[in-house]
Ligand code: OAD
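One chain comes next, on its own, written as structure tokens: the form predicted alone.
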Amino acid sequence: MELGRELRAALRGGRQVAVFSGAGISAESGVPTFRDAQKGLWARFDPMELASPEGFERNPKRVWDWYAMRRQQLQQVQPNPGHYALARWERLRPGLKVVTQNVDGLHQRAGNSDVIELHGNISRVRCSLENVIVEQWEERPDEVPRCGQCAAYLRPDVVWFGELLPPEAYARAQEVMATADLVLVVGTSALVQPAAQLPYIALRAGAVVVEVNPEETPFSADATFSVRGPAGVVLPAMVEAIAD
């Protein structure tokens, strides 16, 4: 893929590099979106019944089974060339940081070491009362596992509808955007608030902000550069540009 001279120069000049990623990069690995995963018997449920505190309170077993199914789906997918390109970029520019809206852990599996997860991680489980991560639990077919300390139900460590982003993660994401000199906005619709404000923090701080997306988004007109194409094609070309 050919990149313009000005874009290549901007990429090479980036020393404090940050990435803001969304569902688009994971879709290229075959990760089903929330809506895509609602097939078969799950299609009849309102998303609020599967991913909200109220839905969990009404039927914790249904919510637990939904996320168990999605964890199994993730075991079948692998990072794609876009993920691996970002991991290579980190090796070339130590200190690269990834801020992601994705809950699949594919950035870490590809090799990125500093990943800020705004919406949690579907592979982790925490106590619904104490909010502490639980590493081990007993899976029983007819009931939701409980915390070994307080006996409250366990729940997936993800942000549900109606919940706020983890304050520490969002504060760190804001700091990363404010101190980067090059930001890649990859595969995100730029619609979900408050995360959609992060690229604008980088712009106001003077960073070069490069959007990578197959389609135009509400952020495209504001980006320093907007590159059309899938992450699995564009990002490897970009990392080659800085590796020359």
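Note that this is a predicted model, so its numbers are computed, not measured. Position 1 is the first residue in the sequence shown; the rest follow in order.
Keep in mind that the form predicted together with the named molecule is not shown, yet the notes after this line are about it.
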item: Residue contact check: residue 128 to the named molecule in the model of the complex, 4.5 Å heavy atom; value: no
item: Contact flag, residue 27 vs the named molecule in the model of the complex, heavy atom cut 4.5 Å; value: yes
item: Contact test in the model of the complex: residue 102 vs the named molecule, heavy atoms, 4.5 Å; value: yes
item: Residue contact check: residue 155 to the named molecule in the model of the complex, 4.5 Å heavy atom; value: no
item: Position in contact with the named molecule when the complex is considered in the model of the complex, options 190, 31, 208, 50, heavy atoms within 4.5 Å; value: 190
item: Listed residue that, although the named molecule is not shown, lies within 4.5 Å of it in the model of the complex (heavy atoms), from 116, 74, 159, 122; value: 159
item: Stretch from 147 to 155, 94 to 102, 133 to 141, 170 to 178 whose residues place a heavy atom within 4.5 Å of the named molecule in the model of the complex; value: 94 to 102
item: Sequence-ordered list of residues in 209 to 236 near the named molecule in the model of the complex, where near means a heavy atom within 4.5 Å; value: 212, 213, 214, 215, 217, 229, 230, 231
